[in-house]
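Taking the form predicted alone, here's one chain by itself in structure tokens.
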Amino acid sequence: MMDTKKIATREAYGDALVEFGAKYDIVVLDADLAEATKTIKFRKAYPERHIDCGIAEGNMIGVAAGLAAAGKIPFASTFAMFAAGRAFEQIRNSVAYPHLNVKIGATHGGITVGEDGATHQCLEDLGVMRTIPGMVVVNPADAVEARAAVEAAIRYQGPVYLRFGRYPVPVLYGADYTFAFGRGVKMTDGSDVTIVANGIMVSIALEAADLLKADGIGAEVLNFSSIKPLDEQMLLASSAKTGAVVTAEEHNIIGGLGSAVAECVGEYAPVPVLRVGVQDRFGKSGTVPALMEAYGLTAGEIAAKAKLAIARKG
């Protein structure tokens, strides 16, 4: 399934906006970051439907809310740190509370922002957005899924938070891939441990499954790009089968995918759940490979946690 080709999901986001701009009545807003978020592609294709709001993210969300109230489908784009962080109040009160049809395209999520450092490496956004009532939260695993998630967001009536990455990631899916909010995707079958991942960590989880297979351990890898709503049925069926769960995310282990999975499993079918992710720390400047290693976002770490989870069964 895995292709050696690598594409950043922010690139796929920019391409998807252009593609779907011809089909849907979308308007794209950015906060003086069009080149970085790749909304510049939409601006070149449809200049009359692009609004640069400047370095004023709260105001951008307010404008998006007004456009949605007038019947448009706005995509408000900036870095995840500024979307989920600086504009949180406006997202909560002006978008989510009235359940307006605003889509938030947040790029540069996670530690893979690299050299820009801790101030720009948002590791809290998925958790923050999860807490907002009625907000859909998605972190695509590859470029194909990113494109599909954009169209799903357009077709959905209500607020959606889409997280995209700066760093190129392996293409996992083919052109026939279909995506839906609240639906997980089983990547591998296994009977010994369930590995639940999203974003860049899906491809790394598949590498971990190969490491475990070499040791005679069957890992079932699930792509849960849709964090909210969560595919509880798939998760509970897999955890009941394997009896042990490991989560893997490019996010603080508090509040994001690991928390969502642990909440569900703990409430309905308790089994050991171990979390791979950033261990409640801020990021720092560095190359992406060095940072992934330093923060334990590796196939080796997932495999080690899987063995520990298996040992805790019963």
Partner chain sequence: MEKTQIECLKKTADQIRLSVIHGTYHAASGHPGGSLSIADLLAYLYFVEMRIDPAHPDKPDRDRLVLSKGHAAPALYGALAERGYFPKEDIKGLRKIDSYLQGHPDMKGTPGVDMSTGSLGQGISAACGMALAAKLSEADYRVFAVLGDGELEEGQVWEAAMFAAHYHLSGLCAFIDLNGLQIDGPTAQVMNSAPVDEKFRAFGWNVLTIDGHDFEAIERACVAFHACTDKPTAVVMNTTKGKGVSYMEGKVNWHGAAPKQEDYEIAVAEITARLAEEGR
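Positions refer to the first chain, counted from 1. Computed from a prediction, not measured in an experiment: that's the story for all the values here.
Although it is not shown, the form predicted together with the partner chain is what the next lines describe.
Q) Of 255, 283, 62, 272, which one comes within 4.5 Å of the partner chain in the predicted complex, counting heavy atoms only? A) Exactly one residue meets the criterion: 62.
Q) Looking at 144, 235, 185, 100, which has any heavy atom no more than 4.5 Å from the partner chain in the predicted complex? A) Of the candidates 144, 235, 185, 100, 100 is the one lying within 4.5 Å of the partner chain in the predicted complex.
Q | the partner chain contact in the predicted complex: residue 66, any heavy atom under 4.5 Å | A | Judged by the heavy-atom cut-off of 4.5 Å, residue 66 is in contact with the partner chain in the predicted complex.
Q) Looking at the partner-bound form in the predicted complex, is residue 215 within 4.5 Å of the partner chain by any heavy atom? A) No, residue 215 stays farther than 4.5 Å from the partner chain in the predicted complex.
Q | residue 93: touches the partner chain in the predicted complex, heavy atom cutoff 4.5 angstroms | A | Yes.
Q: May I ask you to state whether residue 267 is within 4.5 Å of the partner chain in the predicted complex, using heavy atom distances?
A: Although the partner chain is absent here, residue 267 would stay clear of it in the predicted complex, with no heavy atoms inside 4.5 Å.
Q: Please name which of the stretches 258-266, 32-40, 242-250, 48-56 has residues with heavy atoms lying within 4.5 Å of the partner chain in the predicted complex.
A: Among the candidates, contact is made by 48-56.
**Q.** Output flag, 84, 151 and 155 jointly within 4.5 Å of the partner chain in the predicted complex, heavy atom basis
**A.** No, the whole trio is out of contact, none within 4.5 Å by any heavy atom.
Q) So which residues in 20-40, when you check the partner chain in the predicted complex, have a heavy atom no farther than 4.5 Å from it? A) Stretch hits: a single one, 27.
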